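Okay, so here's just one chain, in structure tokens, the form predicted on its own.
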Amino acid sequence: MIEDLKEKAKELLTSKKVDVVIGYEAGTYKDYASPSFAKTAKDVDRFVWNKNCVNNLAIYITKAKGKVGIIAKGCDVKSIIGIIQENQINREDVVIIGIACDGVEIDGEKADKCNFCDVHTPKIYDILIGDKIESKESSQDKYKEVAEIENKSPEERWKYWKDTLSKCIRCYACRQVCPLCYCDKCFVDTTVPQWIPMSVNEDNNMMFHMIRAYHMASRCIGCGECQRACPMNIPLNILSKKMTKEVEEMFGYTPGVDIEAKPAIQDFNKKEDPDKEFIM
């Protein structure tokens, strides 16, 4: 599989179809793989593919110059679809080397996102590496953690999030690792006006995470990178899943599935029921 991957990547570079291929190489921490950027066929020799290729490489396509080739798992392709939908890159400017993937591991255990994966074979690709893997509906409830919080009383929910988010040190690792956080200047970095004070405290932390959660509504594909990057082990996926659940129930929209679809929060239909609840 890895040899086939390298061959296809080298072909793209030598034929000048792309200026760079984004993939994985052996990392320096434990057995994890790290992002790798090949601009020549020789660079491709560094590429690896294994269970430790966890990173969602889609974050780099909005930063790369020229035409980009990218090695992408099914979940990563969901992010690429979202980036294309939001006009951050043209479909013709990215060559997707899709990987048929049956799951990746974090600290030797299958990543949580893989327990609910419905895209073992990417939705879209230009080149597919590996045999197609049929996706099966998971017997596990992907919204179980959300339901546990929803079942608490309002006072209990407030205390839970107040205590949980008080651990945040505002390092913004969650923002930096998210493929859909591509803004040149984030709202938290704006000083005129200053939406959120820079100081770290419970109120400011709560404001940052609540606003970010709303920004990700109809956009988060559940890659889990924000939670994985958090040095304080804050369960950020619960917030993201809550917003995804609401959008699915209210608008019947699931992010990263249909490249031709218009994201729910970007769409407006005058014929919609004016009494229908709406996310602002």
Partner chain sequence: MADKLISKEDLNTLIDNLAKDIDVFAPVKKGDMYLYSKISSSKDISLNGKNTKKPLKEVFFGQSEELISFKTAKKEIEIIESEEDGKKRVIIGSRPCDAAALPILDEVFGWDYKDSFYLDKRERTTIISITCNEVEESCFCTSFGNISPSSKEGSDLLLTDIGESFYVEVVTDKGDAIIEGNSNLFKKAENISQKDKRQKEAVEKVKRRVELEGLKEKLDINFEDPIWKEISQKCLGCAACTYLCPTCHCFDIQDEMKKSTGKRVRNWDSCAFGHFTQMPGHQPRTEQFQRFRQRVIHKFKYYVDKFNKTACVGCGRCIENCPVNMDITKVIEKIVSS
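Note that the coordinates shown come from a computational prediction; the quantities given were computed from them, not determined experimentally. Residue numbers count along the first chain shown, from 1.
What comes next is about the form predicted together with its partner chain, which is not displayed.
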query: One stretch from 97-105, 115-123, 171-179, 81-89 that, in the model of the complex, holds residues within 4.5 Å of its partner chain by heavy atom; finding: 171-179
query: Sole residue of Met198, Met210, Ala147, Cys183 within 4.5 Å of its partner chain in the model of the complex, by heavy atom; finding: Met198
query: Touches its partner chain in the model of the complex: Gly27 (any heavy atom, 4.5 Å); finding: yes
query: Exercise: Thr62 in contact with its partner chain in the model of the complex, heavy atom 4.5 Å; finding: no
query: Its partner chain contact in the model of the complex: Asn233, any heavy atom under 4.5 Å; finding: yes
query: Phe37: touches its partner chain in the model of the complex, heavy atom cutoff 4.5 angstroms; finding: yes
